[in-house]
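Next comes just one chain, in structure tokens: the form predicted on its own.
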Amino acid sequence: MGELRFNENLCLNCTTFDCLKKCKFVKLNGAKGNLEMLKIARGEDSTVLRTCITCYACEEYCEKGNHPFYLISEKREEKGIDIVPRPILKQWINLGEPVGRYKVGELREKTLSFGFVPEFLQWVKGKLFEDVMPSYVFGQEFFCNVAYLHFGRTSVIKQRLPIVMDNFSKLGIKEVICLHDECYGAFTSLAPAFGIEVPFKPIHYYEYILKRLEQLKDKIRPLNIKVAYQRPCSSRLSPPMHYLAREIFTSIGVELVDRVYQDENALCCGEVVRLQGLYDLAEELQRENIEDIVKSGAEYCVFNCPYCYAALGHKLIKKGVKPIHIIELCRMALGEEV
């Protein structure tokens, strides 16, 4: 347990080199990118270890499912390459420590996981969640810890994720509806990559929402609005789930407008880059995202990740675009106030 399942031969025999060729930040084409990934795999130094901004995209770009980003993150730590200032790193590691700060509802075998996102406590209500609430878990004891990939600390994840799994098991939970992409990615991508057993069935909340919208279709009032969608970095760990957003929009009478930074071409919201001290790049990423959304003609910008929402929401309001989480949007279509 804890050893990354990375196959050097898959990298050696790669013909597309997409993991770094498609990257918007590293920008290494063809054989050069392949060579750098092989150097990283063999424990050698590489420019990639210092230029990666931790947007997770290479995990999606790799056709072999060989986990290039997990490898980059692990080798950064081994070489002592700090991505963020030490005080910030220490603060975040302490913040997520599982030391008994958690809250659970009236648990059943199927439960909602709020992870460590307090916003879900106010968003998750109404008809959409009637068949599962008040069964939920919240707090550090159930925090997936995937965020530490952004800090180049896979050791923290490997130490804490098995504890999280054990906590779910002790509660007798059989199915976990993940309200954040990082949690779903932890249970379906990261844990298997490091040989960590997952003792329950993970369910992405988009799957859950689509099923509920079908059950509640007689109560849906089509919104007839145009929306842009801000794809989060964390959805790169589970690409098929990302595309369910389109089905959700169709179900509630919402038009998804075309924008440049969409789907595979999505652009980081910039907030993690800001933590890394790359303030100019963070501002540039946020400006490009906002300009793209405004040009699309969208009335609303729909968010999946609460942190993307916090990073861009207030700036979009100033541009006349309303920010909204996809859960709130669905509740609107069900005639509920948000």
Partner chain sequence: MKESIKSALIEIAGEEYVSTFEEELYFYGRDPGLSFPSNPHYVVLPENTEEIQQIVRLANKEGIPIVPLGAGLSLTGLAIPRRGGIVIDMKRMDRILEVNEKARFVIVEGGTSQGKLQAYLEKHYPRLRHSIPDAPPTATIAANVVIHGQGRLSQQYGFNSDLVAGMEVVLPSGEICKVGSCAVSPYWFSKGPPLPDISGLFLGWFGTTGIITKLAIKLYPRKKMRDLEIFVTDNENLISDIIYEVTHTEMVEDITIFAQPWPLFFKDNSHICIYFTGDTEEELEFKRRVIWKALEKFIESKEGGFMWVQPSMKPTFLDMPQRSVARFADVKRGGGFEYSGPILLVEKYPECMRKLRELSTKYNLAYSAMARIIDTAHCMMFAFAFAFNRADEDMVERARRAMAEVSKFIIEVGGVFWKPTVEEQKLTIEHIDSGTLKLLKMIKNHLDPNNIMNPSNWELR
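The model shown is predicted, which means the values in this text are computed figures rather than measured ones. Positions refer to the first chain, counted from 1.
Not on display, but discussed next: the form predicted in complex with its partner chain.
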Is V84 close to its partner chain in the predicted bound form, meaning a heavy atom pair under 4.5 Å apart or at it?
-> yes
Please check if M133 has a heavy atom lying within 4.5 Å of any heavy atom of its partner chain in the predicted bound form.
-> no
Tell me, yes or no, whether I88 is in contact with its partner chain in the predicted bound form, where a contact means a heavy atom of each within 4.5 Å.
-> yes
Taking 4.5 angstroms as the cut-off for heavy atoms, does G43 touch its partner chain in the predicted bound form?
-> no
Can you check 291-299, 34-42, 65-73, 271-279 and let me know which stretch has heavy atoms within 4.5 Å of its partner chain in the predicted bound form?
-> 271-279
Using a 4.5 Å cut on heavy atoms, which of A311, C55, V26, L49 is close to its partner chain in the predicted bound form?
-> A311
Could you check which residue among E207, D263, E97, E78 gets a heavy atom within 4.5 Å of its partner chain in the predicted bound form?
-> E97
